[in-house]
Structures are given as structure tokens and as C-alpha cells.
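In C-alpha cells, one chain follows: the form predicted alone.
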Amino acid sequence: MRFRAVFGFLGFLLVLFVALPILRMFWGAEGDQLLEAAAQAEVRSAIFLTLRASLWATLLALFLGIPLAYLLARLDFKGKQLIEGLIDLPVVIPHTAAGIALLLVWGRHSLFSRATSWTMAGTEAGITLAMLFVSLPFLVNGAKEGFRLVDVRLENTARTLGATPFQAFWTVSLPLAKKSILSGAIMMWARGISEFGAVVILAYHPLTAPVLIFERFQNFGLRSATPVAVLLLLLSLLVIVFLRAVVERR
């Protein structure tokens, strides 16, 4: 009983540390301000752009990241640690530095732009790329750990029964690792929503919600920025809680 009380108290302190600023922000936002912010086309556009671009980034990471995660979980090869380090790097480096790196590759004066006469800077595609870059470690690492928990003997059994490697993956490995993949996807989607540093450098416009919050805080102060932040927080919290409940139920 004492053990649980000590651990519960320590956990409560950490939860309180996270909850207090959020509750204070809710407390400081008046209902009229929230309704006024929600009625503004600029606010609605920024919030839905943020949710949409983060969703595109997550879907792209699912398509490209699940195969990579499976290979990292199943194979040992030269350069594996380097690849894992590169995947984790976006979590470590300052995201303003990530934005500069992306701008050098996808910006208006990059080789890509010169070769194609098309730039990612200042576009929804650019916002999606920035979110993808900074948040993909959550999905890849989540999927990798999920595949590691799947007993390889189950795949081998499917192979001995005549399944091809692709069939064994689709019918055995992927369903068993699905919960970890979905959890990683939710975390990636949520991380993409909150991204500011890389997005503001690669694609300041169109405005995402974090950039709009910063712009209003810088130009008009805390009173103008708080309602937008509360709306984004409420919507994100509702979606994340719903998605996590679906994953846990499954």
C-alpha cells in the first residue's frame, strides 16, 4: 500500500505539472472569445489546414515507414544503426535547423526547384513535408517495436503452409503489430499538429494553427492568441482521446 502511495504521489506531481498550464489556459479563455475566434475564417482555415497536413504526413509515413520498420525489426545488416540514428535524428535536432535543411532541398533556390520549376516553399505540400520530417520517428519506432513483439516462428509457420513472404506479412505480422502501428500513427499525427519551427521556415504561408498563434501573440498579445490555442487544444484532445479509445477497444 505504501509503495502504491509513493508512486501514485510522484505520478500525480508529473500529471499536475502538465495539467496546470493547460487548465490555466482554459480558465483564461472566455466563452465569447472562443466563439468569436471559432467564427473567424482565418482561424478555421488554419486549424483545418494543420489537421489535414498532419494527416497527409501520417498517411505517407504509413506507406513508406511500415516496410522500413519491418526490415529494421527483422534484419541485421551493415549500416542498420546508422539508419536508425537518421530516423531518430529529427527528434534531437532543433526544428528550426530541420526547417533550414528542408528549405535547402525543397525551397525556391534548391536543385529540386531549378530542375522542376516547382517549389514546396509556401505550399500545403511543404507543410506536409515539414510535419513528416519531424514526426516520422514516432510511427517508425512504434511500428518497429510492434514487429519485434511478433514471434518470427508464426511467420515461418505461415511460410511452411505455402504463404509467400508478402502473404505472411499481410496475414500474420501486420495484424499482430497493428496496435503498435496505430499508436505510433496517432502520436505522429499529434506531433505534426504541434510543429512550428520547421513549418515556419519552409512554409510560413498558408498559416497553420501554431504559426497563427505565434503571429497573433507577437502582433496583438496574449489575449488574441489564447482563444486560438484553446480551440486547437480542444479539437486535438478530442480526436486523440477518441482514436486511442478505438485502438484500445480493438
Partner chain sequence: MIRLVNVSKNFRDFQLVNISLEIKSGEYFIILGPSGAGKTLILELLAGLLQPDEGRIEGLSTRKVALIYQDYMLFPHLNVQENIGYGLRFRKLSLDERLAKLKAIARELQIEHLLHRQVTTLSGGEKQRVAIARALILQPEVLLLDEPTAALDYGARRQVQQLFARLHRKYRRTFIHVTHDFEEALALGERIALLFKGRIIQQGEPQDVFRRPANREVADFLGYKNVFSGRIENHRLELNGLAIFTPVARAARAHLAIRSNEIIISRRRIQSSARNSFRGRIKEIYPHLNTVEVVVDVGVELAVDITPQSYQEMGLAEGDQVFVTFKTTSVRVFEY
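Numbering follows the first chain given and starts at 1. Just so we're clear, the structure is a prediction, and the values are computed from it rather than from any experiment.
Another form exists, predicted together with its partner chain; not displayed. Remarks below refer to it.
Just checking whether R159 would be counted as a contact of its partner chain in the model of the complex - the rule being heavy atoms within 4.5 angstroms. Yes, R159 sits close enough to its partner chain in the model of the complex that at least one of its heavy atoms falls within 4.5 Å.
T96, heavy atom within 4.5 angstroms of its partner chain in the model of the complex: Residue-level check for T96: no, no contact with its partner chain.
4.5 Å heavy atom contact, H109 and its partner chain in the model of the complex: Judged by the heavy-atom cut-off of 4.5 Å, H109 is well away from its partner chain in the model of the complex.
Is there a heavy atom of A168 lying 4.5 Å or less from a heavy atom of its partner chain in the model of the complex? Yes, A168 lies within 4.5 Å of its partner chain in the model of the complex.
Heavy atom within 4.5 Å of its partner chain in the model of the complex: which of V91, V105, L154, I83? That would be L154.
Name the single residue among I100, L176, A125, L71 that comes within 4.5 Å of its partner chain in the model of the complex, judging by heavy atoms. Filtering the options by heavy-atom distance leaves L176.
Only one of 83-91, 159-167, 130-138, 113-121 has heavy atoms within 4.5 Å of its partner chain in the model of the complex; I'd like to know which. Residues of 159-167 come within 4.5 Å of the partner.
Can you tell me which bits of 36-65 touch its partner chain in the model of the complex, meaning any heavy atom within 4.5 Å? Heavy-atom contacts to its partner chain in the model of the complex: nothing from 36-65.
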